[in-house]
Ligand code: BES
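One chain follows as C-alpha cells, the form predicted alone.
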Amino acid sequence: MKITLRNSPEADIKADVLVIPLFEEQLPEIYTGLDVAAGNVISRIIGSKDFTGKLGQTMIIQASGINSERLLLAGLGKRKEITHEKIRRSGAKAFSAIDSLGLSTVAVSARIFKGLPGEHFLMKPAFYFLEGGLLGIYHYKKYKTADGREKTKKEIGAVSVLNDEARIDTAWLQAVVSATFFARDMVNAPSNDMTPSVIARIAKKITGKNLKVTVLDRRKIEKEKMCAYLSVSKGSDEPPKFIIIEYKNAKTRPVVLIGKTITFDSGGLDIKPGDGMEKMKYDMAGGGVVLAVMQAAAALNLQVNLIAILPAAENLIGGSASRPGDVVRTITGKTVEIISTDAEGRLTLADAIGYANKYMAPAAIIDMATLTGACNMAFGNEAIAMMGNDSQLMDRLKAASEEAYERVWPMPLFEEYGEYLKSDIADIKNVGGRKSALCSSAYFLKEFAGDTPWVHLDIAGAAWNDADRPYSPKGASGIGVRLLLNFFRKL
C-alpha cells in the first residue's frame, strides 16, 4: 500500500473516497470551503442530526462539486475527551466502511487534528487515525478458494494524507502495519503449514542490513544440553529448531527477545480437552511477534542491538513423548521435574534464557509467551501480564504499552512463589499447582534469568480474538508488535 502526504485543498483531491474526521460539534470553519464546494451537503447532514460526530459513527455521501466521488464523515467524539486510542478507533471504523465497499483510493483530511494537545502522543494525531484504519482492514484469505470466497472486491491500495502540517512518519506507519500483519499471518496459519522447520525458513528469508540468522538442529541442541527444551518435542515427528536472529546496529550490549514458539500444543500426555484445541496453533504467537519485530527493526534501520531467540517445537503425543514425573536437565545444569507436559512453554523458555545468558551477555531479556490459561482468566483479551526482576525495565515497557494501547499489567513475583515450585527429586518442578498459576509460572522463568534484567510478558489472553475488535479482527491479534517497537523507538 502506498501512503503519500499532500498539501492540497480537500475539494481538489481525486479519490474514490475523501475521509473527513469530525468532532461532536458544528462543522468547523476549516471545512466551510469544502462544504460550499460540495453544495453544503455536510452542513445539512450535521444540521439534521443524521450525523452527530459520535465516536465511531460513519456516514458515506455521494459527492458532487468536488473531485472525489464520495465523502465519508468519521466521528471522533467530544474534542475535550480525545485520546490516541479514540482516534485509532475512529480510523478503524472509517476504513472498515471503505473496505466493505471495495474502494481502492482513499484521501484523509488531517486538518481537524491541528492544535490538539500532543504532549501525551508519541506520534502525531493523524498517525493514529491511519494506524487504526489500516490495522483494521486485515484479512487472512490464504486458504479461501474462489468458490468459498466473497465476490472479489478491490482492496485499498493508495492513501493520501491531506494538510497534515506535522507530517506523519509514513515509513514507521507502514513498518508497524506490515509487521503486525506479518505476525497475524504466522499465527493464523494452520499448524501443518507453520512447523518449526517452516518458521526457520521464514526467519532466513528476512532481509535487511545487519541481520544474521542461525538455526540449531536437534544434534546441536543436544550438544548444548538443552534437554528441557528437547523434552517438549519428543512426541512429535517434527524436529525442533532453535532459531537465533541477530540485528546489530549499535555498539551496546544486546537486548534479547525470546518468543515462545510452540507451533501446536496438544498438551502432550496431559492432553488438552478437544473443544477448542484447534486454536492451539496460536501457541507460537510470541515467536511470531518477535520475528515480526526483528523484520521491522531491519526495515526501519533502528539504532539498536537486538537478538531474537525462537525455541520452536511441537508438543504432541507419541510413543517417545515426555511423561509426567520425568526429570530433565537444562543448559544451566538445573534439573526440572515435569509435573505437567502441558506446561511445556516454560521448559523451552528456560533453556532459551539460559542460552542467552551463557553466550550473549545481554543488557536485558524480554520474553513473550502465550504461557498460561490463568492469564486469560485474569485479564481476558484486555491486557498482557507483566512480571520481572527489574522495575526500571518494567516501567519503560509499561509506558510504551500505554501509548500503543497494548496494555501491560504488572503482577508480583513474591519469594514465596518459589515454595510452590519445590520438587522432592529435582531442583525445581515446572508447575506450582492451580493456585497462583500465573505468577508461579513466571517465577519458574525467574530462576533461570539470574541477575540479568528480565521481563516476562504473558500474552495468552490477548494474542487471540474470539470476536472482531475495533482494529483487530477475529483470530490472531499480533499484540506485542507495536508495544516492542514503541519501546525500542524510545531507546
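All residue numbers refer to positions in the sequence shown, first residue = 1. All values derive from a computational prediction rather than experimental measurement.
The next section is about a form of this same protein that is not shown, the form predicted together with the ligand.
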Practice prompt. Decide whether Val455 counts as a contact residue for the ligand in the model of the complex under a heavy atom distance cut-off of 4.5 Å.
Written response: no
Worksheet entry | the ligand contact in the model of the complex: Gly373, any heavy atom under 4.5 Å | yes
Worksheet item: Within a 4.5 Å heavy atom cut-off, is Phe113 in contact with the ligand in the model of the complex?
Response: no
Item to complete: Check whether Glu238 has any heavy atom within 4.5 Å of a heavy atom of the ligand in the model of the complex, and answer yes or no.
Response: no
Discussion item. Tell me which stretch of 127-135, 87-95, 277-285, 225-233 has a heavy atom within 4.5 angstroms of the ligand in the model of the complex.
Written reply: 277-285
Worksheet item: So which of Asp342, Asp326, Glu403, Asp390 gets a non-hydrogen atom within 4.5 Å of the ligand in the model of the complex?
Response: Asp342
Worksheet item: Just one of Lys272, Arg407, Lys334, Arg396 has a heavy atom within 4.5 angstroms of the ligand in the model of the complex, so which one?
Response: Lys272
Discussion item. Do any residues of 412-440 have a non-hydrogen atom within 4.5 angstroms of the ligand in the model of the complex? If so, which ones, in sequence order?
Written reply: Val431
